[in-house]
Every structure is written in structure tokens, then in C-alpha cells.
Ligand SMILES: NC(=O)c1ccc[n+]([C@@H]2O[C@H](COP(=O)([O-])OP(=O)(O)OC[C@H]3O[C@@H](n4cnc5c(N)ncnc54)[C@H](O)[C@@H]3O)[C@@H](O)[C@H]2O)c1
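Listed next as C-alpha cells is one chain, alone, in the form predicted on its own.
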């Protein structure tokens, strides 16, 4: 099988290239090499496998994109502007790349002769907004986003919208309503809807994977809008204290990039993936404070994280995956424990000493200026 991976030179994409090459797939990578991720480079990163076809171009370039689909059997669509906070003030760019880029790709599939048998979209857990909760009185509930007034009081947890009691977070499954709290999340939700609609209408075997917090080697440590593991690691490498918002007890599901690659592979190969949407995570919740403290302990033990008690309006409190659907339908399970994965990440981060620039102060200032940080 010959697979086109859009955004294949990035963090997840490059690992996926390695994974699929080991399964004897032929790979074509289509990537613009976004400067925010790759720096000012015209060549693919050194970690990207050499025994592939690499095409440097923009996902919005319809002519080149159309040519790249020649003799392709499957598409894995990763290309996207990534950054929840940044998306709220670079609205035009995020919508242009994420929505229009996906529209161009789908338009080609519908209107140009092609050999595509499978389409897999990288979606995001961010489309859920808050995760799922349970109330001891009212059973499962979906509390609304916390108000700025509540956050200003330092009341970080969520309350039952029916009886007002404190709600307990539980794993979030695919049936939860998607309540987007950022332009990035909204982009991902619309990408999902577009891809699934076109797939069902035109008989294109389509799967969307809602990725939770992916971590591992090759994350862009100099990109201050990327995942929290990379942001904290970059600060520690440069002798700066990681800054934790709220009280640090907010929980996420951190899934290792190799487990994510396995989910993409299963989506390509399993019949029951057809026209389905799946969570991809571990089912385990880890606090942001635990992430920061673990990274600090092993990367730069002289530095302690700052629990700032500041907050970003629109941030969610807890969200971690219910992976029962992908487990039962595709046989997926997360093999890499948090302990194993985080220590592998730490060993890689240490090798980046002197290479990673900490630009998070710039991002912090931008969020503050735009009224997105209180």
C-alpha cells in the first residue's frame, strides 16, 4: 500500500512514517515545513526517514496537492496549524490552513480521478471542551464551561448544573457532545464533519481519530504553542521554571506517540474502522502538576515549577479518554505506560541541550495582551 501523509515531517507524522515503513508501506510525505515547528528550513528534519518521497508544499496548493495523490492508496491527514491559545488571535490563518486546506484535499478526492481506498483524519480531544463528569445525585452530567467570575475566585472544579454539587470527572467517550472552546478545536470539529460527510456520501472509507495529549521524542521544543510536555521541557533546558496555570491539579490523558501510530495503523487495516470516530488515549488521568514535577526532577532538579494560580478563560479542567470503543472495535490498547514514556521523553530532551530555545515568554505576553490570560 502506498500512503500519503500530510504533515508527515512533524512530530507525530515522522513517527508514523517509521511505523509504517516497518510494515513495508510505501510513504509519500507532503509537508510545508511550517517555520513555527521546523524553523527556517527548506529541507526535512534529520529524523525523517530517507527512504520515502518528500514533497515540500502547502496543503492549500491544489495543483501540487492533486499531483501528490498519483498512485496513492490511502491518505493520513495530519497537516494542521496547532495551538489552542494562538488560534484565538490568529483566526484567519488557522481557519485558512485547517479548514480550507482540508476542503482542497476533499475537493480533489471528489472531482479528480484517484485510487484512494482509505482516508484517516487526525482529530483532537479538544473538540469535546470539558470532559465528562458524574454527580452523586444526578448521575452523568455535562457542566458548562467555568465562568471568569468563578475562576477569579480560585474555584477550579466544576459543579453539577442540576443540583450544584461538586462534580467528579470520569472518562470521556465518543458520544459526549462537542462543545468547542477554541478556534483550533472548532477547526478540528469541522474537519471531522467534512471528512465523515464526504466519506459517507462518496463511499470513501474514512476514519477520524480524536487524539488526546500526545507526547514523545521529536516534539518541537522551540514552539511555545505546542504540547505542555514540550513547553515545560524547553523551559527547564533553558534554566527557566515551568509555569503551571490554576492549581496544577487539572487532569489530561497523555498518550505516547508510538501508541498513536498503532491506532493509525489499525485504522488503515481493520474493516470495523470504516466510517467511525475513535478516541485515542490511555484511559488514565495525569495532572499537569505531576507532569511538571516529573520533568523538573529529571531534566533540571535545581528548578521547581511555579503554580501560578493564573488562568486562561476558556480552558477546560479535566478531560481523559474512554478508549473502550477503539479497544473493542479495533483491538487497540496503550502499551506504553506513563512512567516508561515520560522517561523515554526525558532522555531525548536531555540530548537537545543547547538546541531548544525557550519562547514561552513570548507566547505568555501575547496571551496577556489579547486578554486570554488572567
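Bear in mind the structure is a predicted one, so any value in this text is a computation, not a measurement. Residue numbers count along the first chain shown, from 1.
Below, we turn to the form predicted in complex with this ligand, even though it does not appear here.
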Practice problem: May I ask whether 13, 34 and 37 each come within 4.5 Å of this ligand in the predicted complex, counting any non-hydrogen atom? | Solution: yes
Practice problem: Can you check 148-156, 291-299, 210-218, 174-182 and let me know which stretch has heavy atoms within 4.5 Å of this ligand in the predicted complex? | Solution: 210-218
Exercise. Find the only residue in 266, 195, 75, 97 having a heavy atom within 4.5 Å of this ligand in the predicted complex.
Key: 97
Quiz item: Which one, 244, 79, 273, 120, lies within 4.5 Å of this ligand in the predicted complex by heavy atoms?
Solution: 79
Practice problem: Indicate whether this ligand has at least one heavy atom within 4.5 Å of a heavy atom of residue 58 in the predicted complex. | Solution: yes
Exercise. Tell me, yes or no, whether residue 188 is in contact with this ligand in the predicted complex, where a contact means a heavy atom of each within 4.5 Å.
Key: yes
Quiz item: Do residue 124 and this ligand share at least one heavy atom pair within 4.5 Å in the predicted complex?
Solution: yes
